[in-house]
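The form predicted on its own is given below as one chain in structure tokens.
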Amino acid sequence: MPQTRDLEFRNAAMDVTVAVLHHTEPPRLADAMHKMMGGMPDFFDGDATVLDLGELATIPEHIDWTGILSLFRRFCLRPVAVQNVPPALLEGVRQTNLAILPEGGLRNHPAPAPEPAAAPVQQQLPLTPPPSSGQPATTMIIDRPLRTGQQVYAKYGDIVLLCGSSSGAEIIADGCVHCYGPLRGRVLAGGAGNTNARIFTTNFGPEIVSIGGIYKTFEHGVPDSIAGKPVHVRLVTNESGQKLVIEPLRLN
């Protein structure tokens, strides 16, 4: 990279959240974010955010950027750039002062925590049902405690935590989450919309759990009936819609 004694440019990995917009109406996005975050406006912590317009259902003539940016900031997200912008929307994006990333942009999934000590070991493992993307399923095995502030993501597969996780950690799997120890922090299974995914733990105590985008928060603590106990979380569908069911896990 170019440099002088007074200035130099270095390549660096970007730690950002990518928000893929399927629609651009602020009220509709606000409703979706409220449901996803379980009513927790501080679910994120000022994360730098790239808005991805590559999967819009329709290309609008005009986007209310003021409303969208205000909405994301209200949920503690910090929009810094836009990617996969349709040509018809380029002029409007330029007026927002957001950076426009080159074609391809960033990957739209979070990266694992960078600490070498917590680097996971991956193994091939079949997933049922198989991912709709056609990509090979993998299992991510983490054999050290997942600490506060660390984030792991198992794309197309499961996560197995052998030593548990701390409050403030984030676990995301397109498949299931298995935890053989204290399960704390934010736990999201079925990250790619897999409603058959499940969460298993021998010691239940998270801040929030989610399967297939359906969330349940524990703002007032986990009920005594399941706190610290073996638990199985699954998603059920009935006449009133979808809801998370948290049941004792029978180990004997």
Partner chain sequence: MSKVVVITSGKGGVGKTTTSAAIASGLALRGHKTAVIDFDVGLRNLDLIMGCERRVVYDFVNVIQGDARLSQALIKDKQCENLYILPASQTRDKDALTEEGVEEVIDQLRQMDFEFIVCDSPAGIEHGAVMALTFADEAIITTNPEVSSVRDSDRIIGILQSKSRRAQNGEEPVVEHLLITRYSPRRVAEGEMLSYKDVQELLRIPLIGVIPESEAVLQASNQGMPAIHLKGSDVAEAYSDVVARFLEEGSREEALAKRPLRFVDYAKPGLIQRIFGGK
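Positions refer to the first chain, counted from 1. Quantities reported herein were computed from a predicted structural model and do not represent experimental measurements.
Although it is not shown, the form predicted together with the partner chain is what the next lines describe.
Figure note: of the listed segments 181 to 189, 63 to 71, 25 to 33, 216 to 224, the one touching the partner chain in the model of the complex, with heavy atoms no more than 4.5 Å away, is 181 to 189. The partner chain is not drawn, but in the model of the complex it has a heavy atom within 4.5 Å of R144. Contact between E207 and the partner chain in the model of the complex is found at the 4.5 Å heavy atom cutoff. Remark: G149 counts among the residues lining the partner chain in the model of the complex, judged by a heavy atom distance of 4.5 Å or less. The partner chain in the model of the complex comes within 4.5 Å of no heavy atom belonging to L90. Contact annotation for 159 to 173: residues with any non-hydrogen atom within 4.5 angstroms of the partner chain in the model of the complex are C163, G164, S165, S166, S167, G168, listed in sequence order.
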